[in-house]
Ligand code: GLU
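Take a look at this single chain in structure tokens; it is the form predicted on its own.
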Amino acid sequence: MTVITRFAPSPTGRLHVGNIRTALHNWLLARKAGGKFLLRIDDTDAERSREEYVEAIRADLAWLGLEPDGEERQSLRLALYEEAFDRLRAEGRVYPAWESQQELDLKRKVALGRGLPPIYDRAALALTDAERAAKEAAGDLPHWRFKLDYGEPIAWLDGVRGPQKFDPAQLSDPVIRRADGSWLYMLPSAVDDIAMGVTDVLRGEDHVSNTAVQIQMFTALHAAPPRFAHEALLVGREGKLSKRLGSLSGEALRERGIEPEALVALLARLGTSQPVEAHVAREMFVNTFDLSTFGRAPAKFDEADLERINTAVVHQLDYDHVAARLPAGMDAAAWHAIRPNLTTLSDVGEWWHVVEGPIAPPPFDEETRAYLAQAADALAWSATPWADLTQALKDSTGRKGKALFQPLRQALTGMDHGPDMAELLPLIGESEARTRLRAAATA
């Protein structure tokens, strides 16, 4: 059986790290099994769904290298849901209910006050045919609930949480369709998983009770349920991420200079017993992906960890990988020289400016200016100009260590620190290097 996973975002906003982690893990699960990873746009909420968010979801997945093997849109599949609804209604598995939201809230408060679970009391099932007809004649439109089967416990072996068991009598019959005819999440999702051949559903632990209900929906639709796994949710250093999700969207992270490889490296292992490692090669994360390593505790997302991993990833990126994003004229040798000093790729322009100039060296005292003049005269071009220059100055002046190297770096780059001068000096070039040394000597 081909493993088929799916990522099913609603286009009501931009993807954030929590969504991205779910997408990544489904992609890894499919790729490790040689299966398929599908994208399903859950856009049945016409009022809140936006086409711009659909495009943003596609762009984020492409940026991350999580290209789906197929895409479906729920807004184009409404006939499937209608057919399933009619079948369930004919078999007595869906029923109309007329309570308002205020009435339902009151019912829940009363139940809690009596120490009972706040579940729907199925009052709509007690209505007589005459009472239903009267409501319909009055123009009262019902919402529709899926009728759970109280006969047997709902059980499954969860890929992360292990054996799970729910008493259906302790669950509310879920509303699957609003009074205006629009769909809620539960039934369309089950119908699509069947139609799309989804074999594995990997999602957040906030869906565990939904899974219990949907397993009965699969059975009612005469289909075998997929395998389910529910991973712990992401939390921040101070608790829930909900207040920070805007700043943790894929778009916001790109703007901050986060590389997709860094985000993948962190999220692939976050919440598992495997170490988080700054690897660029995606295959390593595919080969080591294992649901048995996932823990039950909330997975802690720390932006400082992401930035640290991002820096380590930038230091591994090959020239060919970044060439299109580098300043004009910057070649592989320049990238190799400058790369170890970068935190994000956006820093590269500052260091390339050191090569191209102009630079502003600090003021030097008279003795140092004389030393720099001597350096300008001693500069002789070769395959190793920096080593030759510093050796000649060491021999002629007796300087060593910081006194030998620091004034040269400052005069040549205007900086106290930076790339290895042995790699940087050839980029600056003989003529420009001599000009800079002489300018610093006479300033």
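Nothing here was measured: the structure is a model prediction, and the numbers come from that model. All residue numbers refer to positions in the sequence shown, first residue = 1.
Below, we turn to the form predicted in complex with glutamic acid (GLU), even though it does not appear here.
Taking glutamic acid (GLU) as it sits in the predicted bound form, is D60 in contact with it (heavy atom to heavy atom, 4.5 Å or less)?
Taking the distances in the predicted bound form, the answer for D60 is no, it never comes within 4.5 Å of glutamic acid (GLU).
For R31, is any heavy atom within 4.5 Å of glutamic acid (GLU) in the predicted bound form, or not?
No - in the predicted bound form, heavy atoms of R31 and glutamic acid (GLU) never come within 4.5 Å of each other.
Interface membership of P419, glutamic acid (GLU) in the predicted bound form, 4.5 Å heavy atom rule:
Close contact is absent here: in the predicted bound form, P419 is far from glutamic acid (GLU), nothing within 4.5 Å, heavy atoms only.
Is the gap between K147 and glutamic acid (GLU) in the predicted bound form 4.5 Å or less for some heavy atom pair?
Taking the distances in the predicted bound form, the answer for K147 is no, it never comes within 4.5 Å of glutamic acid (GLU).
Okay, which stretch from 202 to 210, 115 to 123, 259 to 267, 345 to 353 lines glutamic acid (GLU) in the predicted bound form, with non-hydrogen atoms inside 4.5 Å?
Within 4.5 Å of the partner lies stretch 202 to 210.
If you check Y185, F364, W98, W156 against glutamic acid (GLU) in the predicted bound form, which one has a heavy atom within 4.5 Å?
In short, Y185.
Within 4.5 Å of glutamic acid (GLU) in the predicted bound form: residues from 30 to 49 (heavy atom criterion):
Result: R40, D42.
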